[in-house]
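For reference, the chain that follows is the form predicted on its own, supplied as structure tokens.
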């Protein structure tokens, strides 16, 4: 069962109902979609345990639709509405400025149903002639469509599937005839998106191992089945390869199948230069294996320090391993708290108390509650009065909480670079995030100067999701990033690494570049509900991939030191 598919169906239903001007149901379906897409386990499992109604936003009507889909593979409400409105809303809602009502207006007037239809209409200049659109609107829509097409890709976001992957591997270890089971590939490198899943295992009963694997409930289809390699399609719509290897080759296989390709090519060249041969079976001198049981031994025999999987992108890690200058990258357990979290007081789904309790459950020592400010009305941003009341609530909760709650805000950076709350209000905040959500299609120089003005204001601690990208939906902002980095360094302003899967922002290569400027970083899950707090791990992964050490990440500090950060 695909949580993602049900969530997308509910988002479609919400859009259909919005077209029909239904008042409250769209919000309910979107809330349900958010809940389901954030689940770390299969929705079918929750249904079988009889706990659907325990989920946030899942009432009687919505739970019946879920049950219907689980039992029949259909959802009658979705079927009837999608027949009535034959639009590709899933694609349209990823295009900035293409809300459901606008999409429906284009369908009614020009018969536009799909991305290709929209592209043709824009190329022919038909949209500018419609009432309510015009030439400027058409040009903006064309720009947004081009941005969407640049970043569109058919991959899964790791943050949404890693729990599923790890649960699959745990089940294999616990119940299967295997000595060891490990995840390899881009998942092990913690890449933001993955195209498939690679699993390596050892066993003295390989045939039984393959029988166990292909019989697992997660396996939807067997593609190829062999004694040492089997390929299947999992029920979340992704392919998985299981390879069973010899104990003596396990380390070499883990190295080979972790990648990336360029990293491996360079290692093989080093082996050749030493008169050796490296492949997935081991490191050989002639026909004799001289290393292969462990990755560490393979790297050591090649004259290299062992390289953390997250660093294996051929961005200088092999040269550093040869010289002994690899960074001691920050450990996941060194990340003590989350510095970007929302509650239902703005656009989240859970209360302050619920988010704090969930953060404690995740083992956090502190959490910064950073609800949106008033300038972002679509997110129900808080004004000065509401923040005063909310922060008093935090103070009272801090008196009895087992973790520390930092008073924060995701502050809106306005079009001219000013911010939408006064310095007096911000003085009482513990951690201030500056963010650009609106009017971001400005010319490069203007947008850059706008952000720099906010950085120089002395009012913010960190720049939220600095590139503004959304994977599969929106290209990064057109900014002069080196000027941004220089401004951050000069003004001692942090850059955020946002771990929310669609954002994954900053990307790891820009993190590595920004580190050269001497900038420090804050990590945030950007959680809008309790289960999304797990995305702090994704922020940590990007930090590691960007070569950050403990000293580079303020989340490794005590909360009191965070409160004392310059602003």
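Just so we're on the same page, rigid core means the largest C-alpha set that superposes within 1.5 Å between forms. Not measured: the values here are computed from a predicted model. Numbering follows the first chain given and starts at 1.
Note that the form predicted in complex with the DNA isn't included here; everything after this is about it.
Student: Work out which of 113, 225, 393, 109 lies within 4.5 Å of the DNA in the model of the complex, going by heavy atoms.
Tutor: When the DNA is considered in the model of the complex, the option within 4.5 Å is 225.
Student: Considering the DNA in the model of the complex, which of 537, 44, 27, 512 comes within 4.5 Å of it through any heavy atom?
Tutor: After the contact test, the surviving option is 27.
Student: Using a 4.5 Å heavy atom cut-off, indicate which stretch of 527-535, 50-58, 36-44, 499-507 touches the DNA in the model of the complex.
Tutor: Selected range: 50-58.
Student: Contact with the DNA in the model of the complex for residue 100, defined as at least one heavy atom pair within 4.5 Å: yes or no?
Tutor: Within the cut-off, so yes.
Student: Can you work out whether residue 207 and the DNA are in contact in the model of the complex, taking contact to mean some heavy atom pair no more than 4.5 Å apart?
Tutor: No - in the model of the complex, heavy atoms of residue 207 and the DNA never come within 4.5 Å of each other.
Student: Indicate whether the DNA has at least one heavy atom within 4.5 Å of a heavy atom of residue 73 in the model of the complex.
Tutor: Because no heavy atom of residue 73 falls inside 4.5 Å of the DNA in the model of the complex, the answer is no.
Student: Heavy atom to heavy atom, is residue 124 within 4.5 Å of the DNA in the model of the complex?
Tutor: Residue 124: no, not in contact with the DNA in the model of the complex.
Student: Let me know which residues along 229-246 have a heavy atom within 4.5 Å of the DNA in the model of the complex, or say none if there are none.
Tutor: Residues within 4.5 Å: 229, 241, 243.
Student: For residue 306, is the C-alpha shift between this form and the one not shown 2 Å or more after core superposition?
Tutor: It does not reach a 2 Å shift.
Student: For residue 209, does the CA position differ by 2 Å or more between this form and the one not shown when the superposition is done on the rigid core?
Tutor: No; residue 209 is a residue whose C-alpha shifts by less than 2 Å between this form and the one not shown when the cores are overlaid.
Student: Once the core is aligned, does residue 66 move its Cα by at least 2 Å between this form and the one not shown?
Tutor: Yes, the C-alpha position differs by at least 2 Å between this form and the one not shown.
Student: So the CA-CA distance for residue 32 and residue 187 moves by at least 3 angstroms in the model of the complex. Closer or farther than here?
Tutor: So the answer is closer.
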